[in-house]
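Have a look below at one chain only, the form predicted on its own, in structure tokens format.
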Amino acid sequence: MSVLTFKGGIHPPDKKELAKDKSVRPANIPQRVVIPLSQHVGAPCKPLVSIGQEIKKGEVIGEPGGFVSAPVHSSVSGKVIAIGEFPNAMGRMITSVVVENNGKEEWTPLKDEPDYMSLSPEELKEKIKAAGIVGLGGAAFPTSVKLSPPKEKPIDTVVINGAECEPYLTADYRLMIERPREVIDGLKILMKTVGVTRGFVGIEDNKPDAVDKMKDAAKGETGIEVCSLKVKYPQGAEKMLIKAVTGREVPARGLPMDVKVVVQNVGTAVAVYEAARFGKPLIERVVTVTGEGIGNPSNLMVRIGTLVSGLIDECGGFKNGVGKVIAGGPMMGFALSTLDVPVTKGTSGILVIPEEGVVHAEDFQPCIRCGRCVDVCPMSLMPSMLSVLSEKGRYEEAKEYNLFDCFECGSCAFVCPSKRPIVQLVRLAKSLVKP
């Protein structure tokens, strides 16, 4: 099969060798979890519990605040000891529920469904919604909303994103190696939910063993194809993945549904299977803790609400003079100002960078108009103009250069010889003008 790809992009060192051979193991269960009521794109949840209340593992503690929202569940059994504002990875104060673990691991009753594929699409969608599943690739968009396109935009294809193009991260890779059948079963559920007979799994070809495992799991499945993708960042971005796998181009300011496609992450597919089969809510996820600044890079199954500081300690602590800790990957993640922030549904990794690997923002130089950022932009934008206009405070003018088509992949900043903080300048402009 020819290797599929898209126009533009970059080739950063993938650094996956640090953790790719580490099997997923359960993380230590914390004595206390801090569970934010906003872990998704859309309306935050409203608390359903009160201080002093005893709750069980998997119990709903936050109800959706709107159509674009997702319920939040407790990841441990115990007592609610606080409800208040706590910082998240981006430094925002988010209403959160703090639960003191009683160590009993008592589950709230779950509805097992051995014959889940006999359920109707609406029943499957309801199970996915009730489980609080969101996109686990980092965007955290509520999955049930993605599976509810308007009638005028019918879907004919579901794509599972196994590219994991961010350097260092290996959580999706380990799921494909260790639980390939569940990924395929999750894809089949997603296909039935939106009523399609065509499904793809896209995997970068630096993961040949994952490609083989997924092909073995998909043998005999009608309408499911495993595709090998060229190793290039940001291959795993929705629009790039759709272009590579289907040849369709999502229009400017458009969504995958505009070209009849739904894209879901590997971890999301597994969570969908667990929700449909066992009624299990999303209370844990695989997190890669990695980087040259961590003692023992690992892939951990982590309870939602576990503090990052606990994961750092569990993985051998810091080494080599730490310069930066990032939630997510090095390209699109967020540098943490404190380690006392919780793992959320969208936390794909914790990356520890040594001091010598950190580029300080104050060291950047003026744009020299070299055009490298224009060459690599996967959206065919002019990042140089966007950053210069933002730097000069001309935010409205930046809109004329398709400001909101930028999905902040960081390819431009990676190749910039002046080390300009292009993504930060784009984010600043976006925050100060209306779409």
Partner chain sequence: MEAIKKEHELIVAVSPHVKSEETVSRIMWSVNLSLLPAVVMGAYFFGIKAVLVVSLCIVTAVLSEYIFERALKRTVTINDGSAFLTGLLLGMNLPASLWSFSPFTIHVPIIGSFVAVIITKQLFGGLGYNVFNPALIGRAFLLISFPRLMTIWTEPSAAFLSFDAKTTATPLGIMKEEGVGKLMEVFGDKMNLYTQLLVGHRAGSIGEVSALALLIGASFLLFRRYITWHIPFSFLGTAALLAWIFGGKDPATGKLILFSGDPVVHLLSGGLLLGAFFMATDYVTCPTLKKGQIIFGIGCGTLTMLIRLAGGYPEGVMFAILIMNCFAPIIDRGFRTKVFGAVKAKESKK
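Computed from a prediction, not measured in an experiment: that's the story for all the values here. Positions refer to the first chain, counted from 1.
If you look for the form predicted together with its partner chain, you will not find it shown, but the lines that follow are about it.
*Asks:* Go through 261-269, 248-256, 190-198, 157-165 and give me the stretch that gets within 4.5 Å of its partner chain in the predicted bound form, heavy atoms only.
*Replies:* Flagged stretch: 248-256.
*Asks:* Taking heavy atoms and a 4.5 Å cut-off, does residue 93 contact its partner chain in the predicted bound form?
*Replies:* Result no; residue 93 lies far from its partner chain in the predicted bound form.
*Asks:* With the partner left out here, check for me: in the predicted bound form, does some heavy atom of residue 179 sit within 4.5 Å of its partner chain?
*Replies:* No - in the predicted bound form, heavy atoms of residue 179 and its partner chain never come within 4.5 Å of each other.
*Asks:* Might residue 141 be said to contact its partner chain in the predicted bound form, defining contact as any heavy atom within 4.5 Å?
*Replies:* Heavy-atom contact with its partner chain at 4.5 Å: absent for residue 141.
*Asks:* Would residue 395 sit within 4.5 Å of its partner chain in the predicted bound form, counting heavy atoms only?
*Replies:* Residue-level check for residue 395: no, no contact with its partner chain.
*Asks:* Is every one of 334, 367 and 372 in contact with its partner chain in the predicted bound form, taking contact as a heavy atom within 4.5 Å?
*Replies:* All of them do, each having a heavy atom within 4.5 Å of the partner.
*Asks:* Give me the residue from 64, 378, 30, 58 that has a heavy atom within 4.5 Å of its partner chain in the predicted bound form.
*Replies:* Result of the distance check: 378.
*Asks:* Only one of 149, 323, 223, 121 comes within 4.5 Å of its partner chain in the predicted bound form by heavy atoms, so just point that one out.
*Replies:* Contact residue from the list: 323.
*Asks:* Between 275-310 and its partner chain in the predicted bound form, list the residues on our side with a heavy atom within 4.5 Å.
*Replies:* Going through 275-310 in order - heavy atoms within 4.5 Å of its partner chain in the predicted bound form - there is one hit, 307.
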